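Here we start with a single chain on its own, the form predicted on its own, put down as structure tokens.
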Amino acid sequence: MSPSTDNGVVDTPPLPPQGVSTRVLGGIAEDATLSAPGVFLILLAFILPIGQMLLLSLENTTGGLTVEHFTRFLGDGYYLGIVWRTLRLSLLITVIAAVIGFPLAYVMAHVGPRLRLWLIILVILPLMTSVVVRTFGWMVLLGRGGLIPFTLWKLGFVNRNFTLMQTESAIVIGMVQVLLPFMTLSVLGVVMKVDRRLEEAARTMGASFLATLRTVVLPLAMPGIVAGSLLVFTLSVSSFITPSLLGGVRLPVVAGSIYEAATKTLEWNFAAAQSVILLIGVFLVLLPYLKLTGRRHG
């Protein structure tokens, strides 16, 4: 109800000053202008291709809508086996990258600035080389007669014809080497912000080095580990080149199956359906993290 005075005249709510409303509208227009190129780029480079892929996955041969491509993929044990292998290897790669990346990031955070700079350069140096070149390097090292099988043969662990190529171990080794920088740098940014006095206090109270690492540093570094794990997992589950070259045709992954359907059997609709399933799987993994970070930041 509108407020009224004693003589029955209804008071109108006070209007904001003309200068304030002009500044608010001007701020909104400025934000819209600044964000317009980014929004346009996202629409053009991400939303439009995703929408086109979704439509393609729902089209049948006559141009109508169907879900037969999804039911074909989800009802075939061969493709479900590919999904299981992709998820299992991606999870294993993520765990190994975290086990290696956390200690490496901790050491990098505690050394001097000059040595830390060189360590960062060494960590990101592989990123400056093509993934194809690095994978071919692993093919030389892991193939029959390569350095690693030859060393294992000399130590008496394997026979002379042993090779690691076209095995899941080769995929894991190659992918960990490719994705380790993403995990290490994600953890390093968080460990660098951990207050050194907390570690000193724990050591003063009698905690050992490992106990301090487990009870003080590790919980505080968990946001970086979670962020790095999500990054490594999403990149691993959608990776194509390294698993295809090191695993071969005997060990296909989801990205390789999409490539086969799109380029060899020319089943574009089926390839689009696989891509949509892979995209939904990645979103399902990211959703809990986005909810947790959203609550933390209000």
Partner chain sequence: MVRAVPTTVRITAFLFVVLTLVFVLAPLVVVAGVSVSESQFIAFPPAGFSLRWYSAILTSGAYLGAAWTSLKLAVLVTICATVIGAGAAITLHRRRLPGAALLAGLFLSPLILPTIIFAIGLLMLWSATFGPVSFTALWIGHTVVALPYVVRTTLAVLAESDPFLEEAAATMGARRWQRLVFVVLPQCLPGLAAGAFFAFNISFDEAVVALFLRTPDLVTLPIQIYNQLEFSPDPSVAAVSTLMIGVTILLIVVIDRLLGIQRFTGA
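Computed from a predicted model, the values in this text were never measured in an experiment. Residue numbers count along the first chain shown, from 1.
There is another form of the same protein, the form predicted in complex with its partner chain; it is not shown, and what comes next is about it.
Using a 4.5 angstroms heavy atom cutoff to its partner chain in the predicted bound form, all of 244, 255 and 268 count as contacting. Interface residue among 157, 78, 209, 84, judged by heavy atoms within 4.5 Å of its partner chain in the predicted bound form: 209. The stretch from 85-93, 214-222, 70-78, 196-204 that comes within 4.5 Å of its partner chain in the predicted bound form, counting heavy atoms only, is 196-204. Using a 4.5 angstroms limit between non-hydrogen atoms, residue 137 touches its partner chain in the predicted bound form. Remark: residue 183 does not count among the residues lining its partner chain in the predicted bound form, judged by a heavy atom distance of 4.5 Å or less.
Contact annotation: residue 152 falls outside 4.5 Å of its partner chain in the predicted bound form, judged by heavy atom distances. Of the heavy atoms in residue 279, some are within 4.5 Å of its partner chain in the predicted bound form. Of the residues in 67-103, those that come within 4.5 Å of its partner chain in the predicted bound form through at least one heavy atom are, in sequence order, 100, 103.
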